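Just the one chain here, laid out as structure tokens, in the form predicted on its own.
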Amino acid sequence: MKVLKFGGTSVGSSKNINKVINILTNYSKTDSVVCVVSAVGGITDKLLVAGDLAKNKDEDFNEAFKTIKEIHISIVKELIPTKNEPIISYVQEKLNELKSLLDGIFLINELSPKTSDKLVSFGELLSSFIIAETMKSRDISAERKNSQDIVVTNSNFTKAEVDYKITDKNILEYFKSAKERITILPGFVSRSKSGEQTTLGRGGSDFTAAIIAAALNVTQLEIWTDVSGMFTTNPKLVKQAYPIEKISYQEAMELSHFGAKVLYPPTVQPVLDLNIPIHIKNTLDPEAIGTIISNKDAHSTSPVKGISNINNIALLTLQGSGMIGIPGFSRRLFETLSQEKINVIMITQASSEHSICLGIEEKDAHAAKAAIDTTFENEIELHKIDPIIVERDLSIIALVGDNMKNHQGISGKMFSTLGKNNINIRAIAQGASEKNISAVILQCDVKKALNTLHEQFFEIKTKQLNVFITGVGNVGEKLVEQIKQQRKYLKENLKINLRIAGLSNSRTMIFNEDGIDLNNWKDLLKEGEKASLQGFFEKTKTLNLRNSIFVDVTANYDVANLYANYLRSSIAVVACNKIACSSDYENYKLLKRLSLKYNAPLLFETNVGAGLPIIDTLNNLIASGDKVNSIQAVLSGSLNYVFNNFNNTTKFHDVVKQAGVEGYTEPDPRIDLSGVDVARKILILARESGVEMNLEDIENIPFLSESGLKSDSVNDFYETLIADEAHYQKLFASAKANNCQLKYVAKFDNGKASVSLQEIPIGHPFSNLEGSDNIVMFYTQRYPKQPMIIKGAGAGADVTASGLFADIIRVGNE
């Protein structure tokens, strides 16, 4: 004989009920079947709502009843389209009884536990009748047996206790003579010894099935629901979650206690006592393997079997120096909560005995505080202890696994993983059995926490990076395309799952926490919401995705001013925008401090040499104990391009214009040609060398004409280039006469820095720079005479994008 239980979602519609009937029919071909069913999905809640409305003299209970009626009549008509009059008549009769009960509640303005049990019993009684009659109408050997006739309890209404001696006898006697292949029973409902209707409380349908399975001593109890077993964590929050094939009773109960809704632990005690395995199956996917719960050791490569959580938690803290060494505080605290019927979910106490923390349901927090403050009123007045502290909007997350006790470092790995994503832990609890490690965190961090921990303990060491890019112009577009091209390689070779979760230009912005489709991102961005720098930050922060990275591909002051906000939210910042790191020294140091404090990398390699590893190399030199003596560099790919292409047969205006077309200059070429851009770069290198310096400390010797320096707009500037051609030709002629080349050089030496246009003689390392190449020479204590040289393309959309990409990968590898 087989015992199956189907939950509310499994019988929540005519479509699902047909699936249930197919499953039962197939099972009955080889064995007789006992099927316990819950109420139609959502009906129990609707009955309770209707009862509350009636009790509160709210005539809307009539509408609630009408909805309940329509749902059941509709299901009957869909399951049995013809010759359904007797069935509808019976259902209508039971619904009339329900209406009379609600009318009575309305009239007397009261809903007692006894009446509540009568009220909610209608759900299971109706669903079991409808399913059984549907099967009969299809000539399937089936019969309905009312569980109230065989499950006997005491009179503890809403959570009655079973009299197993009488109940087991009734079950054995009934099924000994049952002739039908399939028996349908309503779950949850029962009857007291005195004949009153009772219910078995939360998880009652599971309880009914477990009682019957234990009485009949079957080989396995099957619980059918709308998911394919117990998952490694909540699949609605973690898409990578997967079903656990085998799990122990203890592990299943721990996971269920901490939020896994598939199973309610107390209800399966009857089968647990007899070591009867429980098989969790999916009504919507009957072929899925599901989860088998038993007392057998379920071997697993991971010591952690699952991760679960409970939301809507409040943390109560009782603390004070008057508690130290004084017995009785804990007893009085727990007695107070017990008298208020408040369940304690988690307990933690400091070894100093200075404080006790309790996790309870948030809805009980107000009553708990009032009761505890009253109990300890005298101690509070004498300042021996503080008034109870209540923290709300919290959740408990828990790692569960029988084998965790045999593995060192599980707790450390859990807490460090959460810490790296700036998920603050408010309290910790771990039992001596080491089967459960629990932590209290902010409820808004639950999704991030579950994903982060699942990635750490259950996934092939693949790290997910969630990138948010502001500025998808020339460089930004190249970056998106490079990410699209390399995603597969990164996942397979570097174990990095890189997703773009947010994109913005100056007009619109789009977000997708599952990753934006990079095949048509341009079209999606056109249809996005109105762009806002603050709005982009707020949305990035609200999504609260693990390993979030903000990428600034602009030259915008306002964007740079938001870096601190991103870092404080533990969002890494990758920037080619030089403004932030060349801003006031105190702001630069603040960003550095925030990066360390909130474990959020701040990377800006492209600030100096596009894709060249200049800052990274400098940082490695400093970290290894070397000291920079001086730096000589050509740091402007745009200026190098300009002076490599300018001669007595070209016009300076035309060369500068072409540099802009090629993407070498900023949109405003004055930033490049005035030397400000190069000054920012040498300033950043000086700061990274450990020197305190500001932009105004750098000597900037301009080469532009007077009118060019004073131009009011980009257009005006280009006009001055035409008018002042002779000025620029004179610069070229001087260099040629001295057998030199013009190079815009940045120098840092003995704590001082300068930028200027210089005539570089043939043979100098700077003289053979081609195109838009950059070069940096580091003279250090270890490289005093022959400098360390870094040379290569220092401008252009592709190389700048690749530099940003490299910084993103660095974040992933940290």
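Heads up, when I say rigid core I mean the largest set of C-alphas that superpose within 1.5 Å between the two forms. Just so you know, these numbers come straight off a predicted model, no measurement behind them. The numbering used is simple: start at 1 and walk along the sequence shown.
One more form of this protein, predicted in complex with a small molecule, exists but is not displayed; see below.
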| query | finding |
| --- | --- |
| In the predicted bound form, the residue from Gly401, Pro186, Gly204, Gly609 that sits within 4.5 Å of the small molecule by heavy atoms | Gly204 |
| The small molecule contact in the predicted bound form: Asn774, any heavy atom under 4.5 Å | no |
| Distance check, Ala39 to the small molecule in the predicted bound form, heavy atom within 4.5 Å | yes |
| Residue stretch of 501-509, 204-212, 618-626, 675-683 approaching the small molecule in the predicted bound form, non-hydrogen atom distance within 4.5 Å | 204-212 |
| Core-aligned C-alpha movement of Gly203 between the shown form and the other one reaching 2 Å | yes |
| Large Cα shift (2 Å or above) at Asn565 between the shown form and the other one, core-fitted | no |
| Ala633 C-alpha shift between the shown form and the other one of 2 Å or more, rigid core reference | no |
